[in-house]
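Coming up is one lone chain in structure tokens, specifically the form predicted alone.
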């Protein structure tokens, strides 16, 4: 097993080969530096600027070897489907060696592949095949913590004199009258209980923001940064297009270990609600990210940093871009727009407008679904019009100004299948938090491919790691591919339109009919003049829209429908009132 930062002679000998591999992949799908533009011309946007990134949860995507768990070769088998969908890149959740306490987010070796997912050779094959399908590969990188089975921590917890003891955050804590070891402060773990765990060999407690098997790294130690950056270079040298950075807002903690202020009440785990001002979003986090960005910018091909960034307001995303300097994350996740339960035109109008005006021109990355959230189908759906609502969500995601994130199964309307019994829960947070917190198994069930077997084509093994959702016979890729009106084909049409339209790729956003509380309407206006109209009725009743194009500076006299759901909308004069049916989506060219 390689230790982070210990560069082998084999790596030194193969670096040139790996860089040549990436150059070859770039030639296949344009990830290498673009040709020099003519003098005076603006440089082209990087590949990720309007990309569609598709998250793959590898345990649940495709099982190629019949063990009931998805793997890398399974992903390779499905690259043709991903290319037909039109995605630009895949983000693969952690596939490194791990005890799987948190299903891969507890990493014991950052420079290998967990045997449950395959081998390093399988990964290299996936990377090469993805290039042939014009798809880049983004890896999940966990910088905040390691597994307690990582060699660093095993050594760190064995002796205070260990050279790696200071790689983690330790405290002598306090003792009560009976001599019991007590935490130094009131910090709690996201997954329940104190965030401090006693280690007998060193007679100290270590800090863990997440499970006790996930000790937090001490990023104030420069050697930690050196080692973690080296691990990222290992994969960059192999040709990955970038990283999604897990829990990136929690790298540093208050060195004085001060108590967090109390907010009152308790959470689903029964712990006090805290205002996390000493363990979240500390100023020094940004210094680390700037150094990381500088490192990846030394690589050709516009390598990308996506950040897991949960914030309270849109403006709080701006520092994660680097503000006006644009020198930190290229794409911090905007979770405010899509990870909500309110299908409200006014709310979307406000948040999309803020993303245009409060981020120093940076490109948003909108997120409606991921492996940690109840699926948008269930969050926004009313139980009667879910299919129409899903088309509204897809249209909003794929026509607004942003890079877009899709999560596997989102495109077919896969539903959340939350366990009904604690005995069936696999996610530890669901076990400890039941019944208030039922865990994240429901959004992680296997991908539904076809009706070839009771496992929806995901696996040949009847005992999959999580059960396949019961609706797989109607909700699956094969069935929906054959139905021109399916949600899957709606996504395909939207992505194809996004690719072909300069307005959707590069256009500015102009909000229209701004006083309408039920319908969100906006125009995308390209620098060359091409203009598209998007109108989304977020109510269960017919709604009339008044566009007022001329008053907003949008030019055109006629609207010609490009896509519409549930039915066609006739071409009309640009200044005419238009009535949209319940939960209707309409996209038109302004002529």
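Since we're looking at a predicted model, the values are computed, not measured. Residue numbers count along the first chain shown, from 1.
Only in words, not in the display: the form predicted in complex with a small molecule, which the text now covers.
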| request: Select, from the options 499-507, 281-289, 480-488, 369-377, the stretch whose residues sit within 4.5 angstroms of the small molecule in the model of the complex by heavy atom distance. | output: 369-377
| Contacting member of 449, 465, 348, 105, with respect to the small molecule in the model of the complex [4.5 Å, heavy atom] | 105
| query | in the model of the complex, which of the listed residues (208, 136, 244, 150) lies with a heavy atom within 4.5 Å of the small molecule? | reply | 244
| task | Please run the contact check for residue 308 against the small molecule in the model of the complex: heavy atoms, 4.5 angstroms, yes or no? | result | yes
| If you check in the model of the complex, is residue 214 within 4.5 Å of the small molecule, heavy atoms only? | yes
| message | Given that the small molecule is not shown alongside this chain, does residue 123 nevertheless sit within 4.5 Å of it in the model of the complex, heavy atom to heavy atom? | response | no
| field | Proximity of residue 320 to the small molecule in the model of the complex, heavy atoms at 4.5 Å | value | no
| message | Taking the small molecule in the model of the complex, would 47, 360 and 401 all count as contacting it (heavy atom within 4.5 Å)? | response | no
